[in-house]
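Shown here is one chain on its own, the form predicted on its own, set out as structure tokens.
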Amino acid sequence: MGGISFQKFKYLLFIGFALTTFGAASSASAQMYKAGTDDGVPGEEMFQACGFCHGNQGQGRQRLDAPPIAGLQAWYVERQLNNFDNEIRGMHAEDLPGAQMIVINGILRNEATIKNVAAYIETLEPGGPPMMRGRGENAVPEPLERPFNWESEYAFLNPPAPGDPDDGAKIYNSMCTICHAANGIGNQTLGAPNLTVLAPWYMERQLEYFQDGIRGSDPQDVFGAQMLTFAKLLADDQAIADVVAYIDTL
């Protein structure tokens, strides 16, 4: 997997320190719930730590590489949190955002807390307003630029042309509906999440990850392996852009 550059390390250190500090402060009252027991921290309380990156309403913060999660099914959130916790996901050197999740995941304390926060995330309304910088009338949407540069070919998708939803529909209907359904809402039995609440930039990156085995290559990640197989059928970056452009219309 190769080493991690100093620039990546600096970014990861910044995020990890900020998240750990914020999580410790915002979860002070959670100390009554001992880690490793069946006592779960309430989901809404625990989400304060998640909201540092994912937005206070789960609307996402692209500048921190944190996707929108509001409305994601609890079973899917649980699976991903456990994947990060068990180092099934986020271990590849190119998956810096995944490494961030491994750093912060310990705040969730135990399985009961994971279930609580996942259930709370499912109740959040997708499409919340962007995070703001400043207060009152002087508040403006925060920038999308990362606080540190992420030197990776996976930081952005660069197709020859903007995604074409018409071409993307052909790809989606031939490859994706079997698991994610025609309307994109997914299927728990097949382990397929609701795609309609995810951000295009996040879906593009995950498809790249699956194509190159950055995600889904761990033998324990059964559902990730399914996506790895399908992602490899996408011919190029243009095909990724097209299918994501179609999903964004659902």
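Residue numbers run from 1 along the displayed sequence. Note that the structure is predicted; figures quoted are calculated from it, not measured.
Missing here is the form predicted in complex with heme C; even so, the following discussion is about that form.
Between 156-164, 135-143, 67-75, 122-130, the stretch whose residues reach within 4.5 angstroms of heme C in the predicted bound form through a non-hydrogen atom is 67-75. For the chain shown alone, I185 is not a contact residue for heme C in the predicted bound form, no non-hydrogen atom being within 4.5 angstroms.
At least one heavy atom of Q206 is located within 4.5 Å of heme C in the predicted bound form. Heme C is not shown here, and in the predicted bound form it never comes within 4.5 Å of any heavy atom of G40. In the predicted bound form, none of the heavy atoms of K115 sits within 4.5 Å of a heavy atom of heme C. Of the residues in 176-212, those that come within 4.5 Å of heme C in the predicted bound form through at least one heavy atom are, in sequence order, C176, I178, C179, H180, L190, G191, A192, P193, L195, L198, Y202, M203, R205, Q206, L207, Y209, F210.
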